[in-house]
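The chain that follows stands alone, in the form predicted on its own, written as C-alpha cells.
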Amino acid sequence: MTAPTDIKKVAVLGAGLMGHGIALELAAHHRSVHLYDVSEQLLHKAVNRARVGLKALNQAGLISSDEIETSISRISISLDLSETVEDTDLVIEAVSENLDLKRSLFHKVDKIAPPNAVLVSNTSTFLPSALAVATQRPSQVAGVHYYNPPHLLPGVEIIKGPETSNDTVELLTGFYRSIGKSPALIHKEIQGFIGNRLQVALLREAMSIVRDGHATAPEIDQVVRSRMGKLLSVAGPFELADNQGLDSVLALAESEFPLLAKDRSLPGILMDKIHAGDLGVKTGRGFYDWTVESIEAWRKNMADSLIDMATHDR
C-alpha cells in the first residue's frame, strides 16, 4: 500500500475558488501540483490568486518569502486532462456542483490515472458512492470536503463511501495530517456530511427566531460571534457538554428540544428575500445592506482573522 509520504504528485481538477486554494496549500507543502481546467484564463487567474494566498501566508509568518515563488513553481497548469492525471498519486476533483459533470470526469480520470491513484471529490453536495459508480476503482474513491479558504482552515472531512477501503481512508488521513490538516473521518456517508448539517441546523433555528420576531439577524450574529463562536473555536459540542455536566445538558434538552424549529419546508424569510432579488453581497442587500466599502471591510476582517487563527494553530 502507498504510504502517506509517497503522495508527491497531486492533480487538482478545477481552478476556481476552492481549486486554487487547494493547489497553493499542497505546493507550499512541497507537493508537485498539476492544476487542470477547461479555461486557460481561469488557470492563469488561479496561479495569480495562489500567489496572493502565498503572500498572505508569508505575512502571517507561516512561510518564508523565498517559498512564495518556489511554491508557485511547483504548480503546473494544463487544459489536457490526460496530461494532468496520467502520473499522479492523488486526484482531487473541485469542479462545479453538477453530478453529471463530476461523474463524467471521474469516468475519464479512472481510465487515465495510475492504478494505485486515489480519486477524491471536494463536493459539498454529493456522496462518494454517487461518484464511485463511474469508476472501476470504488475502493479508492472517497470524499474530502474542504472549507473555504482551504489554505487557512485546517479542517477537512474525509467521507468513506460504502466501498471505500480502510487502506484508502488510512492513506488520506495520514496524508492530510502530514500537510498540517486536521482530518475528521465520517465512517458512513451521510448527506451534508458533518459541517454542513450543523451549519444548516443553526441557520434554520436562527431564521425561525427572526421569523417569529424574537430577535433580528444582526442580534443573532452578535450572540454567535461573541459567545458561541468563541467557545466553539476551542471546544466541540461534546466537550462542552461533558464540561457542563450531562445532567445539566439533559435538563436543558428537556426544556429546549420541544421548542426548536422542526420545519422541513424552506424558510419563508429566505425565500422572500430570494424572490425579491436580495441575494446578499452579490446584489448589495440580503439580511444586511452592503456597500462596496462595507464588503471590502468585512472581507479584510475575515481574512485577517483567519490568518491570525492559522498563525496560532501552527
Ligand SMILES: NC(=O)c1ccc[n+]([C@@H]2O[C@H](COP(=O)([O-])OP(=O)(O)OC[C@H]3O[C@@H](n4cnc5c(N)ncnc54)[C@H](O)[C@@H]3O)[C@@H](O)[C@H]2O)c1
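Fair warning: this is a prediction, and the values are worked out from it, not measured in the lab. Residue numbers here begin at 1 and follow the sequence given.
The same protein also exists as the form predicted together with the named molecule; that form is not shown, yet it is the one meant from here on.
Novice: Does the named molecule come within 4.5 Å of any heavy atom of Ala94 in the model of the complex?
Specialist: Looking in the model of the complex, residue contacts with the named molecule include Ala94, since a heavy atom lies within 4.5 Å.
Novice: If we define contact as a non-hydrogen atom of the residue within 4.5 angstroms of the partner, is Ala297 a contact of the named molecule in the model of the complex?
Specialist: Because no heavy atom of Ala297 falls inside 4.5 Å of the named molecule in the model of the complex, the answer is no.
Novice: Although the partner isn't part of this model, could you tell me whether Lys102 comes within 4.5 Å of the named molecule in the model of the complex, counting any heavy atom of the residue?
Specialist: Lys102: contacts the named molecule in the model of the complex.
Novice: Is there any non-hydrogen atom of His151 lying within 4.5 Å of the named molecule in the model of the complex?
Specialist: Contact with the named molecule, no.
Novice: Of these, Ser76, Ser124, Ser208, Thr173, which has a heavy atom no more than 4.5 Å from the named molecule in the model of the complex?
Specialist: If I apply the 4.5 Å criterion carefully, the residue I get is Ser124.
Novice: Exactly one residue in Leu270, Leu42, Ala56, Ile63 has a non-hydrogen atom within 4.5 Å of the named molecule in the model of the complex; which is it?
Specialist: Going through each option in turn, the one that passes is Leu42.
Novice: Want to guess which of 199-207, 180-188, 116-124, 227-235 is within 4.5 Å of the named molecule in the model of the complex, heavy atoms only?
Specialist: In the other structure, the partner sits against 116-124.
Novice: For the stretch 136-150, I need every residue with any heavy atom inside 4.5 Å of the named molecule in the model of the complex, listed N to C.
Specialist: Going through 136-150 in order - heavy atoms within 4.5 Å of the named molecule in the model of the complex - the hits are His145, Tyr146, Asn148.
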